[in-house]
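Listed next as structure tokens is one chain, alone, in the form predicted on its own.
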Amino acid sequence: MSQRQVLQVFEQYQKARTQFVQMVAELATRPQNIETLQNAGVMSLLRTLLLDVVPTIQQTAALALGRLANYNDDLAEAVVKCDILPQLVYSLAEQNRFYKKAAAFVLRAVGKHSPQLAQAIVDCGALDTLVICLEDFDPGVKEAAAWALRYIARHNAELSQAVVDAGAVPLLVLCIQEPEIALKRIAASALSDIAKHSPELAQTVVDAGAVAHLAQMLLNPDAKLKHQILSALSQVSKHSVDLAEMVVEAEIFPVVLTCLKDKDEYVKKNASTLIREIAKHTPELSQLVVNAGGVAAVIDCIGSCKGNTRLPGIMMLGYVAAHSENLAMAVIISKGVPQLSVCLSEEPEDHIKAAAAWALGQIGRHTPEHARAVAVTNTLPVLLSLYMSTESSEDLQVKSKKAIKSILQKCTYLPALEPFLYDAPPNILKHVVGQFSKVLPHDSKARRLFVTSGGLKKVQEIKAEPGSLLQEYINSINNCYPEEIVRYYSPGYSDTLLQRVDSYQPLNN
């Protein structure tokens, strides 16, 4: 047998390995093949090929493993159990850029499923190697490493802290300054997932100088990048007043308001979320948002979108209004109440209706003027029907009830209150009658109208427990009228008159 023939055997073996691993990588892209591949023992075969002498076979084996692990947590666990991770981590430091990308993809695919699998990656020493990859010359390697670190950090504070301790944050901040959009996106996303867990982790992101660089990129035309930047700034802002102030000091206003008009729904939603996370902390921060035109811009944004995109804006209006009378009035002046009423009536999802009910309650609870602004939009009957509907979720019922009570307790606009005399259940009726008992003694016009509209008659029909608060309110109302008027409108009065007719003896001339 000649030397050529001997070498041909090796060439054929290499060709077969290459063909096999490429075919497996291709098959792994289709979900219907996954179970068959697993049952055929593909994991142990691919593990062997990771150690192959031919670099392209190693890379393709890693790619195939990544695709399998990405499919579900059972296959990701199989990667861990087959002892593949240590081999990947070792090769990540030694091999070329193509292999590094493939190996980082496997780590990302394993780590994304659960904190336990992400911990397995940390335990095999992958973090230090992934952080080194963030300094790689090739942007694709940096991107693959950032993806893997993001998927580890997103699970919980402990795993995020491990990523921070490995020195990832300053390098991720450098990555957001690179020219490649895809790298910027994933680096911003990784910083967002680190910052979200605790004030301490968010502070680490701030200390690395991330906020200024993120804020500068808000004008970038790439929608996906903008929604990651807005998310990262929101995750920093949400934890404390100090962190929110640091984000504001990076001069995000008025630039962030332009994001509320973006065509991309995610950009709109994340911009509303960022403004909400800033405004919720203190009246001063809310006032800053109002002064920047933030309230009017959010109201316009709510009007231009539907569904969950509206939710952070609705909540933001509620937070602003909750702080003080003046801030609630700023929401009213910017036409926030009609827009929230539209959301309450038109949104099909209960959790969005509940947020709108809560926000309306926060606006209307301050003074009679605030309550009237809500009442004139005919919102109270809608809130009442949502509270009484058996189809409403428990949260929507609770929020509607609280909103009705807080608005009613300030409302002196009687035309909005009167329908409640007929429709409201006893626990709400008490507050309605209470408001009439406060207003009628001081308003003669209202007293007359209350009689002619049938309100006084309705009050006489209410059955209240003697000595109860409701009975006291009814007595206060009755004391506003002559005794014979109250008697005239009391149930059974016509029968009494008829009895008097029956027993009346005509005077004979």
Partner chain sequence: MATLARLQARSSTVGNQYYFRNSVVDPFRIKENDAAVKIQSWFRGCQVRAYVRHLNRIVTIIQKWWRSFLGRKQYQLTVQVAYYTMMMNLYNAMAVRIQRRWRGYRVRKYLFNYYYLKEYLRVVSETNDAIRKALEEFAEMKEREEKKANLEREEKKRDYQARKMHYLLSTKQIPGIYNSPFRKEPDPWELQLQKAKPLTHRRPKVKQKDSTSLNDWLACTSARSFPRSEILPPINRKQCQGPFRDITEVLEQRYKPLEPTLWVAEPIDELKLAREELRREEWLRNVNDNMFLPFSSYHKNEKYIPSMHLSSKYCPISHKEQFRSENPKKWICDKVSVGRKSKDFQTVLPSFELFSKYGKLYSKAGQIV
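Residue numbers count along the first chain shown, from 1. Bear in mind the structure is a predicted one, so any value in this text is a computation, not a measurement.
Omitted from view is the form predicted together with its partner chain, to which the following refers.
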Partner-facing stretch of 204-212, 143-151, 434-442, 254-262, counted where any non-hydrogen atom is within 4.5 angstroms of its partner chain in the predicted bound form: 254-262
Is residue 165 a contact residue for its partner chain in the predicted bound form, using a 4.5 Å heavy atom cut-off? no
May I ask you to state whether residue 300 is within 4.5 Å of its partner chain in the predicted bound form, using heavy atom distances? yes
Using 4.5 Å between non-hydrogen atoms, is residue 306 touching its partner chain in the predicted bound form? no
Do residue 425 and its partner chain come within 4.5 Å of each other in the predicted bound form, heavy atoms counted? no
Using heavy atoms only and a 4.5 Å cut-off, determine which of 161, 287, 397, 119 is in contact with its partner chain in the predicted bound form. 287
Checking 291, 114, 282, 393 against its partner chain in the predicted bound form, the residue with a non-hydrogen atom inside 4.5 angstroms turns out to be 291
Any residue of 301-339 with a heavy atom within 4.5 Å of its partner chain in the predicted bound form counts; write them all down in order. 325, 326, 329, 330, 333, 334, 335
